[in-house]
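As structure tokens, one chain now follows by itself in the form predicted on its own.
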Amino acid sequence: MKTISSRDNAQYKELVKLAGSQQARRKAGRTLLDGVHLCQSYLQLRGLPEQCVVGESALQNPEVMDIIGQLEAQRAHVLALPDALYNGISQVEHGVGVMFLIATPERVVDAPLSVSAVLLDGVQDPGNVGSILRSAAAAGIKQVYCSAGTAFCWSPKVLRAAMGAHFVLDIFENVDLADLMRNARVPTLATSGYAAQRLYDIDLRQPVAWIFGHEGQGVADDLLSAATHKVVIPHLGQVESLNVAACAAVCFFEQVRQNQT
């Protein structure tokens, strides 16, 4: 275990940049997983991180020490920081004091859509993106494709909202969704409050690609027109529409329901 105690340390400065700048994370191809749950999930599902960063007071936490023990047994890098320095990079209020530095996967679309998937068209809120990823993983969906206008999936806020879903999904970013849909080998379903066909009247006992759009504007017109089906989730009450993450969860689990009956 290595210890750093100076804010002027080059390695610490790099961690500060990654913690505070999406541009820095994209440029470096790295991000930070903050908290015991994300670190445990990464260890279980993906393996060793590039580095573990721990606050001094967290060395008294049994869960943190279990993580460090697993890492040191495999000669992984562990960096200890005084709490004041650790808090300078952590974005979790009252967190436990452990994070992983990991490389962010860069996947290239090299095959037509042929399995159930999620397409995110300009979904900008990190909490919504993370919730959709979490619901998709829970529903057994493996692939997620994001347009250039969608929130960066490997940002700290999206990671926290997804609660480890990233590590069981194949996530593609900056994707031309129109081109992806044009070559798809599965039906493409776009949600719209103006659609005539109800979600519950569609046969979902086959792979489908779900398309969800911007929180305010919905799915872009060109993608909506290109979709195999346009569906609406009927609802009662005086609200105009569902939150996009709630809408996605309803769609995914209607597909699960149909495939289990």
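Keep in mind it's a predicted model, so treat the numbers as computed, not measured. When you see a residue number, it is the position in the sequence shown, counting from 1.
Omitted from view is the form predicted together with another copy of the chain, to which the following refers.
Out of the listed residues 186, 139, 79, 76, 139 is the one that sits within 4.5 Å of another copy of the chain in the model of the complex by at least one heavy atom. Checking 50-58, 217-225, 192-200, 63-71 against another copy of the chain in the model of the complex, the stretch whose residues place heavy atoms within 4.5 Å of it is 192-200. Among heavy atoms of residue 249, some come within 4.5 Å of another copy of the chain in the model of the complex. With a 4.5 Å cutoff on heavy atoms, residue 10 does not count as touching another copy of the chain in the model of the complex; it lies far away. Among residues of the shown chain, residue 131 is one whose heavy atoms approach another copy of the chain to within 4.5 Å in the model of the complex. When contacts are judged by a 4.5 Å heavy atom cut-off, residue 37 counts as touching another copy of the chain in the model of the complex. Residues of 156-184 placing a heavy atom within 4.5 Å of another copy of the chain in the model of the complex, in sequence order: 165, 168.
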